[in-house]
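Shown here is one chain on its own, the form predicted on its own, set out as structure tokens.
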Amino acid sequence: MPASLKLDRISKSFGTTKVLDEVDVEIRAGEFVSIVGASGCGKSTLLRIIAGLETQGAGHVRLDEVVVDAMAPRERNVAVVFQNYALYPHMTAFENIATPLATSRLSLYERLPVLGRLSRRRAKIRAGIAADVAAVAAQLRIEALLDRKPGQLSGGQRQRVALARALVRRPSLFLMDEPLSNLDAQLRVHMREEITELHSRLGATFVYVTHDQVEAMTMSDRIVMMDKGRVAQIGSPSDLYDRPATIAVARFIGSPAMNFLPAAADSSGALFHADRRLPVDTDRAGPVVVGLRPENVAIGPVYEGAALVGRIRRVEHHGHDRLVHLDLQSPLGGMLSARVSATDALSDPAEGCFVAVDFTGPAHVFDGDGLRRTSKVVRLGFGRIDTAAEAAE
């Protein structure tokens, strides 16, 4: 049965360096949850604490509401798939997959190569292990690889063997620590699909650590975004993309990255970039940062009263669209990127040209502490009016 997981105020320090700072996370049984964040944010340490491979300095780990802090890793019924797969190089794929079953089902005496044969029950247990290995190998379509050693397998094949070794134990919780990072781009896409399908078939609880936001966005029910050892935001992929709670989340989630403009709000909440009025209002006065997704930035011929004017520095051709990089023509300077459809009238803009810049969708406003503020786009796409307010989450 899949397990629920609760992390209650988990903290961890290495010497004077605080790696995790009161992390609170609840994961429902059967969920696929990814933990993302920049290198050094504490996500792999958190995974090792869940597995029992590290001990937290404070807080509790609960599986199905049972505190497991004092339990050894093997007692937690948790399976871990590591970045390097951790396969035994001298064993065949069959032996690698069978090892955790042999360790748990056979006594030390029965595992001995000669004396173990004297055990009356060893043959029956080994037959059961072989049947379980065959079943999981069929599930992952690696039956033809069972006689090969890891050195004879490709990266994707080793990944499947590592998954089979985790799966054969029928754990209540799967933990995966950047399992696709050593694969090439095409194979990563294929393995993302396989892991997602495996989760659907098993209905198990998956906790997946990655620095790759595309993996997290495409595979997860929910995402835990870590920043400097703390949880910055927990939510569905669309929550983090459409309503980032902090500027750190906004910077990390999204490809290409979100644009950021320094701005200031007057007493009425109207926003200004240098002396130019932006088509955005916010809830109170003060310095802010305005975030814009490239797909919500429009460019067109320069016109009088344009909120912003930019000079095209570089154009990236992506086939179905273009990513246009602009140098803003303002005292504050700065750069913006706009995603332009290949079917737009300005679909093939020339480098060095000047264009007007406007908004075609949500603008995200963050205060001086990097926290999301209430905002409202008051004009969309070169003069069209939109009165729908966007509330901060």
Ligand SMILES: Nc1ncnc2c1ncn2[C@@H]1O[C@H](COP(=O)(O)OP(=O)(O)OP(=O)(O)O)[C@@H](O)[C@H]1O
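Note that residue numbering begins at 1 and tracks the sequence as displayed. This is a predicted model, so every value here is computed, not measured.
Just so you know, the form predicted together with the ligand exists too; it's not on screen, but the next bit is about it.
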(request) Could you tell me which stretch in 55 to 63, 329 to 337, 34 to 42, 363 to 371 has residues with non-hydrogen atoms within 4.5 Å of the ligand in the model of the complex? (result) 34 to 42
(message) Check Asp132 for me: does it contact the ligand in the model of the complex (non-hydrogen atoms, 4.5 angstroms)?
(response) no
(message) Is His211 near the ligand? Define near as a heavy atom within 4.5 Å, in the model of the complex.
(response) yes
(message) Does any part of Val19 reach within 4.5 Å of the ligand in the model of the complex? Heavy atoms only, please.
(response) yes
(request) Flag Glu178 as yes or no: does it have a non-hydrogen atom within 4.5 angstroms of any non-hydrogen atom of the ligand in the model of the complex? (result) yes
